[in-house]
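We begin with a single chain expressed as structure tokens, specifically the form predicted on its own.
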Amino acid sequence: MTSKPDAPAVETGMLKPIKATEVFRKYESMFFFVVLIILNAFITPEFLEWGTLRNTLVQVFPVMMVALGMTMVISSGGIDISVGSIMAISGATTARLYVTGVSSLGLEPVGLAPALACGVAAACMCGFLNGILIAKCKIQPIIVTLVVMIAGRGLAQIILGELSTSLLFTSFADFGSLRIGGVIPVQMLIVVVIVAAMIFVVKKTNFAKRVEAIGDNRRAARLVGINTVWVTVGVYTLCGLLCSIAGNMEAARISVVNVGSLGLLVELDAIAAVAIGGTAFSGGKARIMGTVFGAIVVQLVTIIVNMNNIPDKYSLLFKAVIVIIALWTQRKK
């Protein structure tokens, strides 16, 4: 009488236990997002009302746009702290051409579309300059972008001809406050389009693969035939493009271009969003959705401080703690 073969035994030690730190590292931006949503729901008055949620998504718009560009820059192994000044340059260019024109050159004010196109071009030129100086002239990214950050504020004021210009009662300001169907802010529609485009770029294009390769090992990427110079230039130019969208939409939302405050310190929140989102600062894979949630987390910290009458200085401490936790979990073994 033959006996049935025993069922195969599962050897102990064959299945590796899933570590909590690994799960947290992969989904940390979503973890912080959920925690802050729950915390705000309990302690922030009227947080779950549509008006508050809508304002949150509108106010996070510039940080999210800049952070998406910063994600690609950091993925390439670089950094860009000039993003706030590039926002100001783009907004100043658009406002000058749209509101006052350039009398010294005999240029009358132009339509909104040409003015916006020139504002976008100005920001892209700044990004292009950053990329050339970094990739071609071999200057450290932090130094190049620091110089552009400092000089950019002055250049923005020279372009605008004054410190600020009002956009009240213009079609530009009307566009900044536009709501689709009377409910959904136009900024939300732009976010959906830009995020979808960035996900496509990262998932489906060779450009993103080359950026990741450069971030992993620039010398090896060059040896296998990747044109590291023009890929780097493309990354910083893309960042400039997203800065122009952030700068112009923020100016339209508040109905004024003030080159002293437009984009001021946005680089700090953008870098924090990228850190929370999980993109390694040593370069490598860009995590777009992580950055999206990271930007919202940064904004939720600001909301929990402002709407509960907590001094603003504490929001900086809370953000710093979150960034430190995020970077600690991402450290290499």
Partner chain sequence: MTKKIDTTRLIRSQGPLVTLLVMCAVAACWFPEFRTYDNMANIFKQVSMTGLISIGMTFVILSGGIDLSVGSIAAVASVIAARLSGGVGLFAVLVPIIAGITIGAANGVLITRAKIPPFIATLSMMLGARGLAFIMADKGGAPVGADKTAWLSQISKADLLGVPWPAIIFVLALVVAILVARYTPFGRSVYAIGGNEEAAVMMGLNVSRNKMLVYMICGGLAGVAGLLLTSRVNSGQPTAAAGWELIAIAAVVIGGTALTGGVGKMSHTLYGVLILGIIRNVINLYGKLDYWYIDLITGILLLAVVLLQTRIAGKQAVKP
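None of the values given here were measured: they were computed from a predicted structure. Numbering follows the first chain given and starts at 1.
A second form of this protein, the form predicted in complex with the partner chain, is not displayed here; the remarks below concern that form.
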query: Check all three, 37, 75 and 189, heavy atom within 4.5 Å of the partner chain in the model of the complex; finding: no
query: 4.5 Å heavy atom contact, residue 272 and the partner chain in the model of the complex; finding: yes
query: In the model of the complex, residue 237 touching the partner chain (heavy atom, 4.5 Å); finding: no
query: Proximity of residue 113 to the partner chain in the model of the complex, heavy atoms at 4.5 Å; finding: no
query: Residue 81 within 4.5 Å of the partner chain in the model of the complex, heavy atoms; finding: yes
query: The partner chain: the contacting residue among 199, 180, 193, 146 in the model of the complex [heavy atom, 4.5 Å]; finding: 146
query: The single option of 125, 233, 118, 155 touching the partner chain in the model of the complex, heavy atom within 4.5 Å; finding: 155
query: The partner chain in the model of the complex - contacting residues of 313-327, heavy atom within 4.5 Å; finding: 313, 314, 316, 317, 319, 320, 323, 324, 327
